[in-house]
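As structure tokens, one chain now follows by itself in the form predicted on its own.
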Amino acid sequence: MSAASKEYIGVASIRGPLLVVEGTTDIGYDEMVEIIGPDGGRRIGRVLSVSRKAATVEVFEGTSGLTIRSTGVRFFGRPLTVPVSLEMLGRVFDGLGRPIDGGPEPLARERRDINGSPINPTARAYPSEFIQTGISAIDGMNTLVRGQKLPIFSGSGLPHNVLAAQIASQAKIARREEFCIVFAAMGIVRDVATYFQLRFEESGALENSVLFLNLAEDPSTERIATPRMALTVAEYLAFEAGKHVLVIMTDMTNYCEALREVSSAREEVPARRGFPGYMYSDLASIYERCGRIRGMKGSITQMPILTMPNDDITHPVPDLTGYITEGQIVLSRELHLKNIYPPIDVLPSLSRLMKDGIGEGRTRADHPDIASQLYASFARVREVRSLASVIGEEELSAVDKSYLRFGEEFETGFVAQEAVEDRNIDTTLDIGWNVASILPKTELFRVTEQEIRQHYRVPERGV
């Protein structure tokens, strides 16, 4: 046992992913731990709790094959760290930050605590710069702003992985400033991991990205470290290297289920649906690690992706996420069944910072008004469709029939686009005006007369 570390042979108990080590002294919460198995294999863990008599250790790589008497535990006296350097760009790592792309360990000037440091609220700069994803339903209706956290709420079987890869390969900011992607995947199957790597390579985005991939076959508790690894690297790239970083994390539901597994092993009193009562603060410790700092060039923007069990938006994971983040993008199973990609349902979707990132000087002067008009008109479409299902389409008024045509074109022409189609903001807004022009001018009450004269595409229809 060296002065810098403490080593113990034998543990008191093994429960799921947890070890209990008795007789420990001077052990700290969240301290990094190395576990040595009977075969000499080494695993990484962290201290979950300490008392006068024992320390509870969470083993990220699982406890399979460990025995009570012969397991060695070494406490390092410091938290779990990850190397940070510009050499990590273009590389692929596992969920614990080890290279899996066949390349060497990146040369790093330093290693940093994966738990990061909170940003002083008084030092934060308000998000106000537009990020173009190339996807009309996001750029036009639920705009992403630099420094924002905007999650994607999906469901099992919906194409959120395709959407995540498309955003990662297309996202860009104005003025050609340095922009990069940090991508963290948790609990994904191997073929999806391969898809992400190939998509990043084919689009050329890999050379300006860092990928952390935790597979479904990997121990679930490893997923607790993966997003923190990714965010620590993102903080270095943003606030040390001066880059604008987009962090995409999928799937946060798998992360929360790993939290539930650890909580169950600790025999904690469960909260809603068995999840731990501290899940809100735990998620906040991840989501709040983004933003802009006054006087610093870089920024961190987050797009966490989560699947809603049974498409239930009131499930604890999307529910708590919605309280912490600044809006949400909701994917629709109904649109997916219509073969519409991306199946973004614009009505429950929301970007609370959209108003600060659009308009003249950022996107286009007519952007706020046409976005509001499209939203209001599509809300009317839902009402007309309900009415048509009761009285029949032939009994609708001419105006209501125009709303049905608008709704169809909005879904198939504005929302729908190819998975490799990258639309700039001008194209998105022009398509929006083409769709809005299906309606009579008298129905366009959210835009100005000047905007109608400039952008309305077809002659006014008789009604």
Partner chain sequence: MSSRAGSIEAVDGPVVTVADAQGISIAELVLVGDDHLLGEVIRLEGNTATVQVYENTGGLEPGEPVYGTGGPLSVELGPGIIGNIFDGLQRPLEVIETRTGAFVHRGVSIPPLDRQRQWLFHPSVRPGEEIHRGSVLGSVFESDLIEHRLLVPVRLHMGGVSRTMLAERVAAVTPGEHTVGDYVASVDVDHRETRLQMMQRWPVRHARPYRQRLLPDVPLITGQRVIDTFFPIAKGGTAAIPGGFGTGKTVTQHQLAKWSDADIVVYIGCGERGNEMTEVLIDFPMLVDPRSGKPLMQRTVLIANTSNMPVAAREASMYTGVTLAEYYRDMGYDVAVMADSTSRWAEALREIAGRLEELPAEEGFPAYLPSRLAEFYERAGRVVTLGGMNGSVTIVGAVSPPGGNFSEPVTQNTLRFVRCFWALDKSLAAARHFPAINWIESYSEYLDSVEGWWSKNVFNDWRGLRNRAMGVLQEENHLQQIVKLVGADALPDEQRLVLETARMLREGFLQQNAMDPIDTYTTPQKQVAMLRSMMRFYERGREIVARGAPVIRLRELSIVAHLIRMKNEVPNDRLTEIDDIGLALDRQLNELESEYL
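If you superpose the two forms and keep the largest set of C-alpha atoms that fall within 1.5 Å, you have the rigid core. Positions refer to the first chain, counted from 1. Small disclaimer: the values here were computed from a predicted structure and weren't measured.
The protein also exists as the form predicted together with the partner chain; that form is not presented, and the subsequent description refers to it.
Quiz item: Pick from 307, 363, 133, 328: which residue has any heavy atom within 4.5 angstroms of the partner chain in the predicted bound form?
Solution: The residue in contact is 328.
Practice problem: Could you check which residue among 98, 190, 111, 272 gets a heavy atom within 4.5 Å of the partner chain in the predicted bound form? | Solution: Of 98, 190, 111, 272, the residue with a heavy atom within 4.5 Å of the partner chain in the predicted bound form is 272.
Self-check item: Candidate stretches 288-296, 213-221, 251-259, 200-208 - the one whose heavy atoms come within 4.5 Å of the partner chain in the predicted bound form
Solution: The contacting stretch here is 288-296.
Quiz item: Quick one: is residue 48 in contact with the partner chain in the predicted bound form, heavy atoms, 4.5 Å cut-off?
Solution: Contact with the partner chain, yes.
Quiz item: Is there any non-hydrogen atom of residue 142 lying within 4.5 Å of the partner chain in the predicted bound form?
Solution: Residue-level check for residue 142: yes, a contact with the partner chain.
Quiz item: Does residue 22 make contact with the partner chain in the predicted bound form, using a 4.5 Å heavy atom cut-off?
Solution: Heavy-atom contact with the partner chain at 4.5 Å: absent for residue 22.
Self-check item: the partner chain contact at residue 26 in the predicted bound form, heavy atom, 4.5 Å
Solution: Residue 26: yes, in contact with the partner chain in the predicted bound form.
Quiz item: Within 4.5 Å of the partner chain in the predicted bound form, do we find a heavy atom from each of 5, 9 and 170?
Solution: Spot residues vs the partner chain: no contact at all.
Practice problem: Pull the contact list for 108-127: residues with a heavy atom within 4.5 Å of the partner chain in the predicted bound form, in sequence order. | Solution: Residues within 4.5 Å: 117, 118, 119, 120, 121, 122, 123, 124, 125, 126, 127.
Quiz item: With both forms fit on the core, is the shift of the CA atom of residue 386 between this form and the one not shown 2 Å or larger?
Solution: Yes.
Quiz item: Does the C-alpha of residue 34 move 2 Å or more between this form and the one not shown once the rigid core is lined up?
Solution: No, its C-alpha moves less than 2 Å.
Self-check item: C-alpha of residue 396 off by 2 Å or more between this form and the one not shown on rigid core
Solution: True for residue 396: a C-alpha shift of 2 Å or more.
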